[in-house]
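In the form predicted alone, a lone chain appears below as C-alpha cells.
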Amino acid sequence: MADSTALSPAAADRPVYVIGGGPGGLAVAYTLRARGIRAVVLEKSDRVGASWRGHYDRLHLHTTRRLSGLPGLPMPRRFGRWVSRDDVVRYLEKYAEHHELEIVTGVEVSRVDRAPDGQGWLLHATGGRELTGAAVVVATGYNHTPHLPDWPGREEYTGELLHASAYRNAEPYAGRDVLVVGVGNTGAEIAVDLVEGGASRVRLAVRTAPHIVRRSTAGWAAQYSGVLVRRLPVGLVDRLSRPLAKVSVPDLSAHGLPRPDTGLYSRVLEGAVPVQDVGLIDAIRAGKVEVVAAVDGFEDGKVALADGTFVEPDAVVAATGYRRGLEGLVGHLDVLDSRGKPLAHGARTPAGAPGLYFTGFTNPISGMLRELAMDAEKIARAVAKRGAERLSRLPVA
C-alpha cells in the first residue's frame, strides 16, 4: 500500500522526478502538476515519445482513440478510430506543450538511490548530475531493451538478422525470402506488412500458438471486451472466451497454428496478450504467410527449427520481445521480481521504498494507454497523500 509518511521540511523544495518522456511519464507529470505539485520529466533522448518514433511505419494503435487519450487532453477526432504511430507522436508532443510540462531532454538516469538525509531519492544522471527528488516515478517503458535470444550459432550466422525494433517497413525486403520469429502482435503485423510489401516468401516461426482476436467485430472493438472482463475471475474469462473464439476466428490448425491449450486470460496474466488480427488470418489461410516451427539456432548459414528442419531465408526478423531494463537503475533496491519487473506499480510502492513509483510495466488486456492514464491519476493522489503541501509548489501566475 502507498506510504503515508509526511515529508520533512528539508525535502520541501524537491520536485518529483519522472524518468521517461513517453505517454506514462507525461501523464504522471500532468496529473501531478494539476495538483500543484512540481514534476520534472527526465528524458534521455532529445524529444518526447522516443520509443514511439522508433516503431515500424504501419503501426496503428490496437486500442480505440476514445480510450487511448491521456488525462487532460483527448486525442483529436481527425486521428480516426485506430490512431497511427505518427499521430501518437504528434499527440504526445501536443500534450507536453498544451500542459506546459517541465521536461529536460538529453538526460539519462543511470541509478536511483535513497537520499543521504533519508528524505526522498538521489538520482545519478548524465554528466555526473546528482538530483534529489521528494519522490520518483519510473516510466521508462514496457518495451525498453530489445531482447534477442542467445540462439546457438547466432554469433557465427552471417545472414541478415535484425530485431523487430530495427524494422521500419517492407521496402528493403521486396522480392526476398523473410523469416519472422515470434507471433506476438509485432511479429504478426510485420509478417502481414512483408506480404503486402512484396516479399517473395514470408514464414512465421511460432513456439507457442497465440490467442487471436478480431480487432473489431461489427463495430465492437476487442478493447471493449478487455475493459469489461478486466476484473472478472480468470477462469470465468477463460471459459467465456473459448466459444467466442470459435465463432469469430477460424481454425488455423491445418495451416500449422492450432488453437491454444491454455485460456486467454490465463495467458494474459503470464504476459502474453492476444494477437489482434490486422490481416494475419487471411494471409495464413491464403498461404501468403507460412507457419513453421520455432527457431532453435543457426547452423552452416541456415536456421535450425525445433522440428529438425532447416530453412535458409534471405533475412530473419526477430520479434522476440523486450526487457524492462530496470536492473541497473533500481535493481539494488530489492524492488524487482525474478523477471526484472517491479514488485509494485501505480499508486503502490514496493515495501521499504516509499515514494518510488512505477508505471507502464504491465501489459493489460484493457489497453496500455488507458492503464497509463489511470495509473497517473492514482500516483498523483498517492504523492499528494504523502504530504503534497510540503512539496515544491509551482509559482502562481
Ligand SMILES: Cc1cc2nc3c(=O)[nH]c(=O)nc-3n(C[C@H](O)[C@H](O)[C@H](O)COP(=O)(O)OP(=O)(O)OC[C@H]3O[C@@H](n4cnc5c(N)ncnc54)[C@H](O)[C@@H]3O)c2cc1C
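Fair warning: this is a prediction, and the values are worked out from it, not measured in the lab. In this text, residue numbers run from 1 along the sequence as written.
The next section is about a form of this same protein that is not shown, the form predicted in complex with this ligand.
Contact with this ligand, judged by heavy atoms within 4.5 Å in the model of the complex, is confined among 250-258, 114-122, 298-306, 133-141 to 133-141. Shown alone here, D87 lies farther than 4.5 Å from this ligand in the model of the complex, counting heavy atoms only.
Taking the partner from the other structure, this ligand in the model of the complex has no heavy atom within 4.5 Å of any heavy atom of A353.
Contact check for G367: a non-hydrogen atom falls within 4.5 Å of this ligand in the model of the complex. Of the heavy atoms in V109, some are within 4.5 Å of this ligand in the model of the complex.
If you check this ligand in the model of the complex, you find a heavy atom from every one of I19, H55 and G360 within 4.5 Å. For the partner-free chain shown, nothing in 76-98 comes within 4.5 angstroms of this ligand in the model of the complex, judged by any non-hydrogen atom.
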